[in-house]
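This document starts with one chain, in the form predicted on its own, laid out as structure tokens.
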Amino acid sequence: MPSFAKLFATPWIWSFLGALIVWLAAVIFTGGHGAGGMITAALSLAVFTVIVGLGQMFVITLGPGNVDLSLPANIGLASAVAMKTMDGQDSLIALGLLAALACGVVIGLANYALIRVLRIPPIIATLSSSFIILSTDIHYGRGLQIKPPDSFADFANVQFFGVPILGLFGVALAVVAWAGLQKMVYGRSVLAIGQNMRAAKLAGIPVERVRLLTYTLSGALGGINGALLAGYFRGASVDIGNEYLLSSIAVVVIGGTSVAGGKANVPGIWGASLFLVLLLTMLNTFGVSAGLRLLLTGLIIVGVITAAGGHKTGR
């Protein structure tokens, strides 16, 4: 019994439990039809939220006020940059991915420049930059859907025994993020800054360098996510990243990362991403209207967050 109590005291377990409950509800409603397909689809879609969620997690872990609101615009522009660079040619796929990554890195650096040089609060700086990025995307992409090379689109949708290859990439990326957070100086520095920035400075941690790397990391993950999304959906578009504004923050909070900073939870990102995707699938299966779906989604998310952390006192 003590082991079970310890398990359920772990914040990230609630996100996986929530995902299991909504999956079971959908399976029961459909009489068991399509249960495996539902999991495959959830893994395919959740990986994109995992990628941007990991970047957002590192940013939020830096402490109160740190958040990257430029991710949706970043994803949209990077998807267009990747597809235009690839130009429908298989030989240019690697170059297109590098171009998307570089686009995200530049956006991350620009976000930090606004925060550091102009002393603008992160939430305002990244929101402001998102409008600039969106305008650039509209001009660059001309509002048209740009198609990827067929082999890249096929790769983004390939599965091994029902497991999407992008899902495996998402798991590998989460493992790297966990190792970086727990085993590397950079990760421990992020946690220390989030717990107490002043103490971190006194301890000799290069606070501003770590913040620069963190916002750049978030931008880079947003950029690569844009390229992968364009491959999966077989086309880039201006609004391809719109849904990742709130979902990238929601998975961080639901997954057990503290919005007060100094505490991150990598496994919870996967659990929360699966939960959100399966929740949307369940509500669609039930034939719930768009308005009611948004209301129920919000209420359920509040419930999961409360169950995961409501019993704990804030810092």
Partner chain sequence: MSDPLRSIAKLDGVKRSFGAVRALDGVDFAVHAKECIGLVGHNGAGKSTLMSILAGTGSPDSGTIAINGAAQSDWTIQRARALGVRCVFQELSLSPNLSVAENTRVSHGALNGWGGAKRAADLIRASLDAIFPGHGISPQDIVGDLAIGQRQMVEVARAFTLTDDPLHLVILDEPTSSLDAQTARQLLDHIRRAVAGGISCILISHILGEILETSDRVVVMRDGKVVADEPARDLTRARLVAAMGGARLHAKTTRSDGVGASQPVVAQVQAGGAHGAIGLQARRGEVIGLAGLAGHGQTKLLIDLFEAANARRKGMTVDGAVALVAGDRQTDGIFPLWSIAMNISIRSLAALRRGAFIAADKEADLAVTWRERIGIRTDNLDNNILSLSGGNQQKALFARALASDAQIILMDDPMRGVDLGTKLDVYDLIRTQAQQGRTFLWYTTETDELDNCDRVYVFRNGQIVAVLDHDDLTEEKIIQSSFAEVGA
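Residue numbers count along the first chain shown, from 1. Quick caveat, the model's predicted, so the values are computed rather than measured.
The same protein also has a form predicted together with its partner chain, omitted here; what follows describes it.
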Worksheet item: Does Asn196 make contact with its partner chain in the predicted complex, using a 4.5 Å heavy atom cut-off?
Response: yes
Worksheet entry | 4.5 angstroms heavy atom contact with its partner chain in the predicted complex for Ala192 | yes
Practice prompt. Would you please decide whether Gly162 lies within 4.5 angstroms of its partner chain in the predicted complex, comparing each non-hydrogen atom pair?
Written response: no
Worksheet item: Can any non-hydrogen atom of Arg234 be found within 4.5 angstroms of its partner chain in the predicted complex?
Response: no
Worksheet item: Among Arg188, Leu202 and Lys263, does every residue place a heavy atom within 4.5 Å of its partner chain in the predicted complex?
Response: yes
Response to the item:
Among 41-49, 270-278, 22-30, 254-262, the stretch whose residues bring a heavy atom within 4.5 Å of its partner chain in the predicted complex is 254-262
Discussion item. Which residue, Ala179, Ala94, Ala172, Val158, is the contact with its partner chain in the predicted complex, using a 4.5 Å heavy atom cutoff?
Written reply: Ala179
